[in-house]
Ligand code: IDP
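Take a look at this single chain, the form predicted on its own, given in structure tokens.
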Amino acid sequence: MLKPDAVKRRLIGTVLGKFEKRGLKIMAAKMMFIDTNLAKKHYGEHSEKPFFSDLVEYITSGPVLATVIEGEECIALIRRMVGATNPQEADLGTIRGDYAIDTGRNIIHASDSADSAAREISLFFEDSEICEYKLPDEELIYEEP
């Protein structure tokens, strides 16, 4: 998910382009405002942490771009491309390392596991909104098994 800071800073194309150039597929994308209830569900694992209310307040402060991205080992790959949660610790060349400075405005959310991805996708998308397709250059991206 591209957070309000990414949307307002006009970084949507730049960030999605990085995923596409790497060979990942954008299966779904939805520009939306997240309401408080949905934000609390999305960040439920942090509900007991002191920063939870700030997190909810920020993610509901402007539009986000929710996405579903697919590719081999894509969760681990995307997490590496995104960089450390704290942009000050993120390597240059990562999304956060290149475009963010503050943890509270760190551009992007990326699921940390297949279970989290499945839960989060179900919060933002209906199955019918996810487009299955084959890339014409998949044989250039992926080695045959």
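Start at 1 and count along the sequence shown; that's the residue number. Given the structure is predicted, the values throughout are model-derived calculations rather than measurements.
Form predicted in complex with the named molecule: not shown, discussed below.
- 85 is the sole member of 116, 37, 53, 85 with a non-hydrogen atom lying within 4.5 angstroms of the named molecule in the predicted complex.
- Out of the listed residues 46, 30, 80, 41, 46 is the one that sits within 4.5 Å of the named molecule in the predicted complex by at least one heavy atom.
- In the predicted complex, residue 67 stays away from the named molecule, with no heavy atom inside 4.5 Å.
- Contact annotation for residue 99: none of its heavy atoms lies within 4.5 Å of the named molecule in the predicted complex.
- Within 4.5 Å of any heavy atom of the named molecule in the predicted complex lies no heavy atom of residue 63.
- Contacts of stretch 1-20 with the named molecule in the predicted complex, defined by any heavy atom lying within 4.5 Å, are made by 3 alone.
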